[in-house]
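Encoded as structure tokens, the following chain is the form predicted on its own, with no partner shown.
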């Protein structure tokens, strides 16, 4: 056996390879995808064109990345579902590091998730009060970061309107309202502690900022996990929706919507179309559905189904499990691709799915997983290359050296992106840095930068309490 744990002489049929061919994107096709994204980004930045742009290019009102002089104590709240975290983060200038001093996990009962907005924010304020007591911080007025994982429309750095609830939340009186205002009102109702001003920022920005403190060349943030998104520092003169010409502003691209206008129709496979049609949000997040963790496993399952129906797998016998939507989990892909334990993992997974398999089947399944995850990496690389090259052109540089702060399980499990980057951006040298807790430490770092900049009269970024928004 070879190092992959599969017999080297096992042959893959020509028919299998033919079925996988639509997933194999050439370098030329990736460059075409990059060109289309570049045009969509310009459209999204435009004052009169952004409303019809598939790539929304949302201004974050964050005007600077860390410079290493940030210091102090900060709080962070991370609300992502039925639980939320409260963190105390200390930034130490002399040692150039962020330290999580302590944290606490707080549950949100079902009755609060479905109650009134006042009940929800009162609960958050109460849990924060309890945490401050436990840390002996009640006498201090600390800046704070808040990861708020719901679709919002950001009006200013300290004003963000909830568009709609997701993830099982349905608190009344919040949709269409400024969530910053609601939080501050809840804290004010308690009266036993206070906060300073509020800023809001997307969690991808938190990823960029947490990495930016460790590496000050970092000016791009990217997440490839359950969903996908990216942000970067754009020249203010190009951000037509916001007044001002000087300096830079971080832009939340919302690139998951790339292709929602049909621009990726020529590379969508029959399997992508089924995934979209059977999703909870047909017709939107086209790019995300081709590359993110929420969908990759289902794409693999659909391909395995097709090959089995064509009698190219499992002797043509489909199990009930394989026939059931979303039974092939995305984590199975990386398990089957493991260099040393891939064969054993494949055996176990296929058996659990009720399939009768042989070594040829196992090898075909591995090839399918490799093909789907490689397409994800190459598409993401094409999109990232578009951003990197835009920064280079914006600054009139013949060559750009930059760092990308990255987070998400798909990236961590499938580090196939970097080889594609070299060919797509020959004029740029790119380093990848994995984020350490972008929704916690990253939000605190945005707060720290805002706090630092607020001391300068020319600063155009509002100080302290940072509110991180995820448009999941």
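Positions refer to the first chain, counted from 1. Here the rigid core means the biggest group of C-alpha atoms that line up within 1.5 Å when the two forms are laid on top of each other. Quantities reported herein were computed from a predicted structural model and do not represent experimental measurements.
Form predicted in complex with a small molecule: not shown, discussed below.
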item: One residue of 223, 199, 211, 290 in contact with the small molecule, assessed in the model of the complex (non-hydrogen atom, 4.5 angstroms); value: 223
item: Contacting member of 341, 141, 166, 324, with respect to the small molecule in the model of the complex [4.5 Å, heavy atom]; value: 166
item: Candidate stretches 299 to 307, 118 to 126, 271 to 279, 225 to 233, one within 4.5 Å of the small molecule in the model of the complex by heavy atom; value: 225 to 233
item: Contact label in the model of the complex: residue 314 to the small molecule, heavy atom within 4.5 Å; value: no
item: Partner contact for residue 72 in the model of the complex: the small molecule, 4.5 angstroms, heavy atom; value: no
item: Interface membership of residue 263, the small molecule in the model of the complex, 4.5 Å heavy atom rule; value: no
item: Contact flag, residue 193 vs the small molecule in the model of the complex, heavy atom cut 4.5 Å; value: no
item: Residue 386 C-alpha relocation of at least 2 Å between the shown form and the other one, rigid core basis; value: no
item: Residue shift check between the shown form and the other one, rigid core fit, residue 314 Cα at least 2 Å; value: no
item: Core-aligned C-alpha movement of residue 151 between the shown form and the other one reaching 2 Å; value: yes
